[in-house]
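First, one chain by itself in structure tokens, the form predicted alone.
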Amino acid sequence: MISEASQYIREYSEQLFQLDQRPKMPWPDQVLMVEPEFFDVLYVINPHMEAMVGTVQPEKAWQEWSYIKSKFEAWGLYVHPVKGVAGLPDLVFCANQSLPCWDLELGASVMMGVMRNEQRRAEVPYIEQVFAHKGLPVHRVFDSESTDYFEGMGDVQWHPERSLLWAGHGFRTSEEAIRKIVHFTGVPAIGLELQDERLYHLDTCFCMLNEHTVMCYPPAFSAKGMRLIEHFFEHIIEVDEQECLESFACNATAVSGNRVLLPEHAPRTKAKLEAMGFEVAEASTGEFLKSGGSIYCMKLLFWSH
């Protein structure tokens, strides 16, 4: 999968390729979700967790999780529910431990990450076992003791329907890790430096909806980052500060068919999406917001064989 033509792109230039020059890819058709039996706030590793230790209501968390699962299934995705693990309360945020990959010749596979915080490191080998059991090839590009931290699809995401990666860095994922991902996959990555510690993952401030449309919170990015976003997306839906930081509107999830599952209490974002023709469903994630996560964090889209 190594290509000498791979690129890590950090700023716009007149020579930058156009989106239609990248190979097409299918939408993922599978969803991994980790059951919230052991979900709780037991420590503080981001600003959203402060004052939330011990406040999770387990029954309500199960209700929120179950609704999200049922919505994905209603939209035609196959959901793989996985048991949680005692002592790993954030395992439920299963977008963070790996990056599912798809290659025209090699098919589906999964690249494992390295969590920055010690409290979450044991999540990675558990998710690796899950995918190995499902028969997907697993890539270990990073050593478990690596300081090149890489928090999976929380920070590195595939452009919808195109062989192109978007990569956030600055708080959880390191730039050197992004370079190694680019070298391994042979796929260009657009690097976006994150500016606000409250928006510590790319998925908290940037949500790609289809090949030509993204919604984002512009203050989360540098001017260089926004210029790159403007180059590759025809439509940019700007989310305001309140709905980004309090409702976690950018932590939505889009699926094939212009459908968006949006965290509730984001009416202005919902109105913008519907005005552009998206089918929008809202989901309550109040219990998971206590840990700094919502819909996007709670699932991992991947490809079948």
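Not measured: the values here are computed from a predicted model. Residue numbers here begin at 1 and follow the sequence given.
Another form exists, predicted together with arginine; not displayed. Remarks below refer to it.
### Task
Check whether Y200 has any heavy atom within 4.5 Å of a heavy atom of arginine in the predicted bound form, and answer yes or no.
Yes, Y200 lies within 4.5 Å of arginine in the predicted bound form.
### Query
Do T204 and arginine share at least one heavy atom pair within 4.5 Å in the predicted bound form?
It does: once arginine is placed as it appears in the predicted bound form, T204 has a heavy atom within 4.5 Å of it.
### Query
Does arginine get within 4.5 angstroms of any non-hydrogen atom of H169 in the predicted bound form?
No, H169 stays farther than 4.5 Å from arginine in the predicted bound form.
### Message
Is it the case that T173, even though its partner is missing from this view, gets within 4.5 Å of arginine in the predicted bound form, heavy atoms only?
### Response
So T173 does not count as contacting arginine.
### Task
Can you check 275-283, 253-261, 23-31, 38-46 and let me know which stretch has heavy atoms within 4.5 Å of arginine in the predicted bound form?
Single hit among the candidates: 38-46.
### Query
Looking at arginine in the predicted bound form, is some heavy atom of each of G113, H139 and T185 within 4.5 Å of it?
No, none of G113, H139 and T185 comes within 4.5 Å of arginine in the predicted bound form.
### Neighbours of arginine in the predicted bound form among 269-292 [non-hydrogen atom within 4.5 angstroms]
Sequence-ordered list: S291, G292.
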